[in-house]
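Only one chain is given next, in structure tokens, and it is the form predicted alone.
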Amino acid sequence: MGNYYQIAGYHKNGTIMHDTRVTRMQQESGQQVIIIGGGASGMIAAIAARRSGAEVTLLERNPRIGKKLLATGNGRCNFTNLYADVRHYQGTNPKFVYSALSQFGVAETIAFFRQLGIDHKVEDCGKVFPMSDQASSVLDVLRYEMEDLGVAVRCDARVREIRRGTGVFRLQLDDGSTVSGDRVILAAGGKAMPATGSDGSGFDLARQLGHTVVDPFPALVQLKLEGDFFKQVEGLKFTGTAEILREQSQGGFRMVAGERGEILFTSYGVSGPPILQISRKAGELLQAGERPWLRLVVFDARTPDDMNRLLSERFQNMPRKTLEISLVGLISKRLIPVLLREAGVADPRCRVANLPGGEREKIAGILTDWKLPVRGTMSWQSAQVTAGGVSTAEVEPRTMESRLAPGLYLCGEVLDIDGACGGYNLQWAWSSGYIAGSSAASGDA
């Protein structure tokens, strides 16, 4: 981690090596910028545009702005990650994030929020949280800054239609009113967590101006698995490895994603941080009409041979016990009958001294290589982020301006970019939103 502190502009004690604070307000540019969406990317876009001298109006379909931000980080707001770079993003072209992250990255984000009053702390895996441990703190300082700068915020303002004329955009709202501006920033989010207002309407608005939308699907989401035993083990946790496997045409499997950590059984399949991280790859395969498999390694510190030897020692030490009882103390009692059935063991009540040949190897195999078919993911209500979105091939990465509709800028989750769990998606919102806001105000192309 030491090298990263220098790269990101930090001293090892966590202080900023350089001051990234911008002039509070530049001379009025005369640009009228309309922002659609009051989430993370929309709010920072509004601040950046206003600081660059534009007149800014932000339209939010909810009664209040920032509703989704309050739910991030389990209410604590993991607002960035020290290791945010292109390796932690996915989409048709993950390298699209490079320019925005280079211009307004982790160091700039932390300095931006420190200027607004957010002191931070760094936790495991580089996750950055406000010192207050409250997502509401982040929202409060953003709202205060917008108000102080004179950003006009209209809530309960859902945009139904967007038209581009000669040098002007006209937005039709659900209430019949019209809003016009020189520039429009589309920051309407995706489809994840629809209770917060993310209903995919941003994709429809982008299509109205000729943009292509890569079919969206839920990401950072729980997996539904095939099987009839999940209610038996619902709520059971173990620390191990989870992998998404892709069936090969010539036979066998290829691992396409894997994570280690605490895995939770649910009534429909599995959840937990490792599952959320690898769910994106499962979604990709499902979107392509393929059937992904989940490989669970309950004892990931042992090979099948190691596991077989361990079981052999246990069975020799307790020959009079039944197979089920002999595993108590090694495996959760509720999981034992499920694993034995999944391993294809003929008689779980057989004494281990009389265990038929090959049964021990079956048990060792299921504990180190348990494959389950994935039948789907949970719905948008459960997803933390949207995979897919407006094609980045149609957007200029340096400015976030549309290549199809000049004067339109796009940022955040509406684009075909999504990050790993751990603050990466909020960093993308800050980076892309800040660049979109600054670019829209200046009119740079």
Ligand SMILES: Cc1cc2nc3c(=O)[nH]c(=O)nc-3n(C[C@H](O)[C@H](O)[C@H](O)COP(=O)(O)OP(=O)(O)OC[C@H]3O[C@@H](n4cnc5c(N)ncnc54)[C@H](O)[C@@H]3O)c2cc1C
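Remember, predicted model here, so these are calculated numbers, not experimental data. Start at 1 with the first residue shown and count on from there.
Missing here is the form predicted in complex with this ligand; even so, the following discussion is about that form.
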Triple contact flag 68, 193 and 201 to this ligand in the predicted complex, non-hydrogen atom at 4.5 angstroms: yes
In the predicted complex, the residue from 390, 36, 54, 47 that sits within 4.5 Å of this ligand by heavy atoms: 36
Candidate from 213, 233, 355, 157 lying within 4.5 Å of this ligand in the predicted complex - any heavy atom: 157
Exercise: residue 426 in contact with this ligand in the predicted complex, heavy atom 4.5 Å: yes
In the predicted complex, residue 271 touching this ligand (heavy atom, 4.5 Å): no
Partner contact for residue 32 in the predicted complex: this ligand, 4.5 angstroms, heavy atom: no
Close approach of residue 408 to this ligand in the predicted complex, 4.5 Å, heavy atom: no
Interface stretch in the predicted complex with this ligand - options 91-99, 321-329, 337-345, 158-166, non-hydrogen atom within 4.5 Å: 158-166
Within 30-64, the residues that have a heavy atom no more than 4.5 Å from this ligand in the predicted complex: 36, 37, 38, 39, 40, 41, 42, 59, 60, 61, 62
